[in-house]
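First, one chain by itself: the form predicted on its own, in structure tokens.
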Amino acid sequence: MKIKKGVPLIDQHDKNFMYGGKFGGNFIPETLKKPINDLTKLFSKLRNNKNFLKERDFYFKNYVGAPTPFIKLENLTNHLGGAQIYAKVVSEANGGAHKIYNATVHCLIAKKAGKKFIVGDTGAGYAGKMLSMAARKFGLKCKIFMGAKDIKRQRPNVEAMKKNGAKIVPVTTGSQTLVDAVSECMRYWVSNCDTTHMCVGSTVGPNIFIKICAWSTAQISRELILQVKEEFGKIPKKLKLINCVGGGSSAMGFWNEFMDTNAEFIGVEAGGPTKSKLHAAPLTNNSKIGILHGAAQYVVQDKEGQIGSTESISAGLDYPGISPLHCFLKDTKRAKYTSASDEAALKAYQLVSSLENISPSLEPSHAFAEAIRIAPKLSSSEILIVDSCGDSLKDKDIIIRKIGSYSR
């Protein structure tokens, strides 16, 4: 199993849409085969259409706000010693997170397909918030499926979705989190695919949704590789790109343009509370391969092989599966994966927000926790870049409840 140089990672699948012969695929009901095939053909044309690319780039610049900042975290670097720490502040994008790239592209595709309705799933609320924003921008009616538990813990983003005119559908089955929201969203699309376009919020699901999302968020690394070369004159020999990983969309966008370089990729999953055996880290904990939301992937499972329970302070990482692309990167050893506990993520949020003029949400706080752990052990010639992919405002209530205060 190898990664091919010069070939986009999203295209490195076989005729059955499997990466490395093990991950991904389209494990879908018969009723979804035609809409999936239609969308696959449409996207194949659009991603190579100069006019569509110009339209995408126009909205990325003038609506999303590209490029987002690339900054050195001087205070954090001096505080920890060791490696130099930088951040790609993707949270400066319109709406406060990387999800806006995927949402914008999906709305553009929906318009090209002649659809008037768009549906999506959300956990942390950012995918839903961004989709509601983009739908409003492009004149589409929007419906968001969200777990009842997440609706309670991500109140600011829920309010934002409502203000943007989206209808929120509470999901009260199962764990009432992201995994159930994705399931319900897909069930809805099966019955309404003739009039409705579906936006999957991360690099999960049937192959076409993995492709669209990763292709959209690749804007992050298209900007970053230029910013890195401008800062250092070239790509540093000792460069580590650190990203949180739930479904895996921000990490795929963060790493994409560096795939053929010597940059080291470190993905940080949600380790959950230290006093609990539950987590949302299938790669770190050697989970077995299973089928979830139409794709084969490493997935948290119980003793009977059913989808297992997860727990994380971060709603955006609280997912039992992982993108097939990340499974492929792990097995080829192109990327390394670890996890950070709830407690470590909270401490990282406190340290970063107290020392620097950024306030990462609990998702990228997991990545900052890893940077904080390893930086003092490295030399000053090492460069760590963390993807600060979301703003902490959505987590305000959780942070106040956990540590008694909130700074942004």
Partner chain sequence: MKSKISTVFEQCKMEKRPALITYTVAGDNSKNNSLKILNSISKHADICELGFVHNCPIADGSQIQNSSYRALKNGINLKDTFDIVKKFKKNRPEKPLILMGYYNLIYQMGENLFLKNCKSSKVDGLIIVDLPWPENKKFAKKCKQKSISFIQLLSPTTTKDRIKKIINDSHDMIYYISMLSTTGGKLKVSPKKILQNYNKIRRVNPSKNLVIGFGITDKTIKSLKSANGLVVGSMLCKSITDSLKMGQNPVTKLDKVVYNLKNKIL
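Numbering follows the first chain given and starts at 1. Note that the structure is a prediction, hence the values are computed from the model and not measured.
Only in words, not in the display: the form predicted in complex with the partner chain, which the text now covers.
The stretch in contact with the partner chain in the predicted complex, judged by heavy atoms within 4.5 Å, is 26-34, chosen from 26-34, 379-387, 364-372, 56-64. Not one of 90, 227 and 231 places a heavy atom within 4.5 Å of the partner chain in the predicted complex. Within 4.5 Å of some heavy atom of the partner chain in the predicted complex lies at least one heavy atom of residue 293. The partner chain is not shown here, and in the predicted complex it never comes within 4.5 Å of any heavy atom of residue 81. Using a 4.5 angstroms threshold between heavy atoms, residue 301 counts as touching the partner chain in the predicted complex. In the predicted complex, the partner chain lies farther than 4.5 Å from every heavy atom of residue 146. Residue-level contacts in the predicted complex: of 160, 307, 142, 76, one residue has a heavy atom within 4.5 Å of the partner chain, and it is 307. The single contact residue among 288, 333, 167, 237, judged by any heavy atom lying within 4.5 Å of the partner chain in the predicted complex, is 288. Contacts with the partner chain in the predicted complex, taken as any heavy atom within 4.5 Å, map within 171-204 to 173, 174, 179, 183, 184, 186, 187, 190, 191, 193, 194.
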